[in-house]
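Quick heads-up: it's one chain on its own, the form predicted alone, in structure tokens.
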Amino acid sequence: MSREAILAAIKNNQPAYQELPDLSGFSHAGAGDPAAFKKVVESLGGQVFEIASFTEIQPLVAEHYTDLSKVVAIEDAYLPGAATGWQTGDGRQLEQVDLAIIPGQLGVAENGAIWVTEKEMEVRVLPFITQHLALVISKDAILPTMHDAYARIGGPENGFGAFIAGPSKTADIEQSLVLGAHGAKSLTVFIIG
């Protein structure tokens, strides 16, 4: 049987067209519950601090991270005195970063995930190469479910983006839990508002 005959046979034996299922029942009109979001993030191994202003970040970082030598922050207000000029290079300049503080676009209460795009992280590798990661999100940006998150995100307007939930961990090798295998060893979330 020729290639054309095989492709024609496949084309003539397609299943009947069906409408996609209606997912509108999974969408929510209201905001997500910050308490539920916090509970899920903590169950994943992260820590959450509710803050009223960015000035609260610096003392919390000093209290919970005692051995930091290089910290980068997207916004100067997150941590005055953080490293500058780190955006220049191919990403390898970030291999010695101990803590990166990045804004997140939105959080998801049902699974503790935070949506971060290249626009927020500035250098794509930053949240994955740093030893510790801190994400800052607005309390109003917490949504109930992933359905709501995808509805908010819409199309791919920002290029690269990722949902980050908890510190990186794997137990694939001999069932030993390894933190930081594919990304940061710890995750801190600052909820502002």
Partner chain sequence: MEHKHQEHAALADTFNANEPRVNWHDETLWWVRQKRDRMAWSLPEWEELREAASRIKHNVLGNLHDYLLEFEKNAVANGAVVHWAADAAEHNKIVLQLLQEQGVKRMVKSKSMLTEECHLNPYLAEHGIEVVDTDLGERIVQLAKEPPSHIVLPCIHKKKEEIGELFHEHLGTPAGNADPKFLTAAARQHLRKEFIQSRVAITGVNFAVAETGEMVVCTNEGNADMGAHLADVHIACMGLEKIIPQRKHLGVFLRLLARSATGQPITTYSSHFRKPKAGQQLHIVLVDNGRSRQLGREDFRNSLKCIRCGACMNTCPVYRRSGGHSYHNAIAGPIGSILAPNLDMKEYADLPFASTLCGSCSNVCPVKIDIHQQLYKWRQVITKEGYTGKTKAAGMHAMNIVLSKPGLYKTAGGVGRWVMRTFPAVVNNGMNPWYKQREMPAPPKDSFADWYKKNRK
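Numbering follows the first chain given and starts at 1. We call the rigid core whatever largest set of C-alpha positions still superposes within 1.5 Å between the two forms. None of these values were measured; they are calculated from a predicted model.
The next section is about a form of this same protein that is not shown, the form predicted together with its partner chain.
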- Query: Out of the stretches listed (144-152, 29-37, 63-71, 45-53), which one is close to its partner chain in the predicted complex, meaning heavy atoms within 4.5 Å?
  - Reply: 144-152
- Item | 4.5 Å heavy atom contact, residue 113 to its partner chain in the predicted complex | yes
- Item | Residue contact check: residue 159 to its partner chain in the predicted complex, 4.5 Å heavy atom | yes
- Message: Against its partner chain in the predicted complex, would residue 137 count as a contact residue? Criterion: heavy atoms within 4.5 Å.
- Response: no
- Query: Does residue 57 reach its partner chain in the predicted complex if we count a contact as any heavy atom within 4.5 Å?
  - Reply: no
- Pull the contact list for 173-193: residues with a heavy atom within 4.5 Å of its partner chain in the predicted complex, in sequence order. 173, 174, 175, 176, 178, 180, 181, 182, 183, 184, 185
- Query: Comparing between this form and the one not shown on the rigid core, is the C-alpha shift at residue 24 2 Å or larger?
  - Reply: no
